[in-house]
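The same protein chain appears twice below, in two forms, each given on its own as structure tokens and labelled structure 1 and structure 2.
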Structure 1
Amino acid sequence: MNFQGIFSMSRKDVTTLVIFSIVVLAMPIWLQPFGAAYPDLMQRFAIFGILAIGFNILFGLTGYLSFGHAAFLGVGSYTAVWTFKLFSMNPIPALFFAVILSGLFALVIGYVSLRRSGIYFSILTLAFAQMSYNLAYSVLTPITMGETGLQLEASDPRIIDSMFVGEEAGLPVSNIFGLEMTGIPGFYFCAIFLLIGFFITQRIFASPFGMMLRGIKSNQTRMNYTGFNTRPYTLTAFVISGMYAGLAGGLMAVTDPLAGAERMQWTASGEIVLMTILGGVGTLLGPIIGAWLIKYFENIFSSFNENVLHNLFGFLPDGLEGFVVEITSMFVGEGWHLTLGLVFVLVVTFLPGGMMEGYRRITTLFTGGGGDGDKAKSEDTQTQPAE
């Protein structure tokens, strides 16, 4: 195998990787002014960033829209928690098994679903996700613990830990050689996997395999007519994407050792799609930016209540203040998804290529660029379903 070819990168890719690494590792600093520099939220930024770039390998490169990736997220979480319960609280084995089992599950679902394309493929993945959710919620309760979720217990065997580590008071916490995966250490643990996942995605985008996937998205029918078998490529992309989702699910269990069926609901799959479209389908950074924006909006707008709104609009006359608070309260708190929906409608209407298209428009405006080349790049980010 030509390892030099695998790791050789263009200057632009190296620059992108270095800048992205600095941005991720410096999150505790530059997120302070935005009120988002606390570990739990930064962990979610890293985890959902992994989930989004993995989904983008399938959706962004092949055009196959899956509504079932939450199933792989759930499988990764359940696998990681069972690894904690049976073997060790070390997160490395848990993540290894989470990725492998999610990949095998994706192989089975992908093998069946990829017999169809377009909307039929999307419906098949949605059906598999809902079946997985119902199995986890009400059928496989001895394994998943149903609606209560799978949790750690003091009586868990933890075979490896029992041989090398003494018993601890209370429930144990996932750790690497004593360093607990909570707080800032937990964030940096997730951030390392985000950077590794981003690097692998960069190599896939720049590889002949990535070019094949783009060809499938452009015109799969023409490739089939020329005698080119596209199925192994789409199935590989599906499995890789599922493994990314399994890794994200495993990291969720590492930072919070709990696995529940709600992670496999179709709404969770829909959120992954929104992240990717909001940031920019088929771009490297777009899905990550989309994931960060949605998680930030969820954190900010869902925390608003009427008391906060009254304090915010207290400068208005009493009658007007009550009216403004009444209207605004529909878009925050439990209704924050309405705000997300409006943002999504605006982005899709005015920036079909997502936030990355907006970035390109701004840079073009200030650099004096433009022309057909920029238009072609913008159009390339718009997902067209594989035929």
Structure 2
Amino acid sequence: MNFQGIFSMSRKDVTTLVIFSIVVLAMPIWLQPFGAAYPDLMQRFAIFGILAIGFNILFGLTGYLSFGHAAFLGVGSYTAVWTFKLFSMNPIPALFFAVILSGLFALVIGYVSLRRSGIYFSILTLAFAQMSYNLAYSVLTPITMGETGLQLEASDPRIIDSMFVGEEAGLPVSNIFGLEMTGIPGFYFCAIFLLIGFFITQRIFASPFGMMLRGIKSNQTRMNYTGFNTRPYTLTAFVISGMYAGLAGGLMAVTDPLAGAERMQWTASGEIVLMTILGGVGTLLGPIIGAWLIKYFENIFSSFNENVLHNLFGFLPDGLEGFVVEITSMFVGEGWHLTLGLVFVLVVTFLPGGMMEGYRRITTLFTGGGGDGDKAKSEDTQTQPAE
């Protein structure tokens, strides 16, 4: 592929990319009315967006459902924190090593797991992730610090930093030549990676390689009969997607230099799956929207408590108010996961294509169900995950 080939994008792709960039970069402005414009949350938006689009390259395009993606996230985090400890607080080398190491990790796990498909693949990835999680908690404690989690310490060597900067008081913060990776600069740092990640995904979706992956999803056997060896393609997709997860894990460590094993637990992998499904599997924007929605509502819902609810329903008669508060309190605050679970069950049951399919259905409704919408729909129903 020559240089021109990489950058020759269809007009639609360019528009999407431009609009997406504006939306992401303007987040501190348009999130203001939603009460979500503080840096910590926006950093999470960007990081989980990267995670979800990476996962979508595997699950959305090839149909292989990995239940072990959190392992790569964990590997990325640990690598980044170790780079901070050993070499430098500059995030660039940390992210570089995080991506490389999680890619290698994905290569090994993918090489083994991709020998099987369907549910066996899910179980294999799950098994590998659980192994990493259990090991991180037990034998690998010298590397991972087990339950306490891996943290920065004042006594860390930081070879490169110590050559330029003298001893500092307190724990250092990750920085690019002095610009600290917290707050708004931290968000923009993550956002740039989200945009780069999005651009690469867009290119993959439009490339022959992406077509190949879609072919594997709709009918792997036929692909094999046509003479393609599908495994290198699925393995590449797996590694790319693992590298995205490693990048996300590295960014988590950049914004908050702490890595814990619970990041690798299989419920964390489940959360990635939830995001992707909620937004829309196999679509470009869906997974990112899913990740944003989940992180946003997690933030909003968890902050609700009984008092807020009493204020909210204060206009109701006393007895009724107590009852309504009692019921709604099940779904907010501590019980936010209940809401998430219910929404998820409903989405999988009635709207398997997630938010993006919902959006498409609504637009079809308004445009009078023209041929275009039908075509998109039939395309959607014909694709089935590899088994």
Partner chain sequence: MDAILLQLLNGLDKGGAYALIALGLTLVFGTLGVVNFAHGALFMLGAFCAVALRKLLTLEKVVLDTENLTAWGTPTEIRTPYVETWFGEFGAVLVNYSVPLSILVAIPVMLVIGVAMERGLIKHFYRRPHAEQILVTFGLAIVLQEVIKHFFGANPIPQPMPENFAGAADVGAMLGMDPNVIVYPWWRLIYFAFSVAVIAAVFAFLQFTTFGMVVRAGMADRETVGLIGIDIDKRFTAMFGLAAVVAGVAGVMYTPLLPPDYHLGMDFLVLTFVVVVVGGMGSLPGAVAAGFLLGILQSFASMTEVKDIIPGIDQIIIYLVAVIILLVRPRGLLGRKGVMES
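The first residue in the sequence of structure 1 is number 1, and each one after it adds one. If you're wondering where the values come from, they're calculated on a predicted model, not measured in any experiment. The term rigid core refers to the most C-alpha atoms you can superpose between the two forms while keeping them within 1.5 Å.
**Q** Given that just one of these two is the form predicted alone, which number is it?
**A** Only structure 1 fits here, because that chain is the form predicted alone.
**Q** With both forms fitted on the core, give yes or no for whether the Cα of Phe350 moves by 2 angstroms or more between the two structures.
**A** Yes: Phe350 shifts by at least 2 Å between the two structures.
**Q** After fitting the rigid core, is the C-alpha of Tyr225 off by 2 Å or more between the two structures?
**A** Shift at Tyr225: 2 Å or more after core fit.
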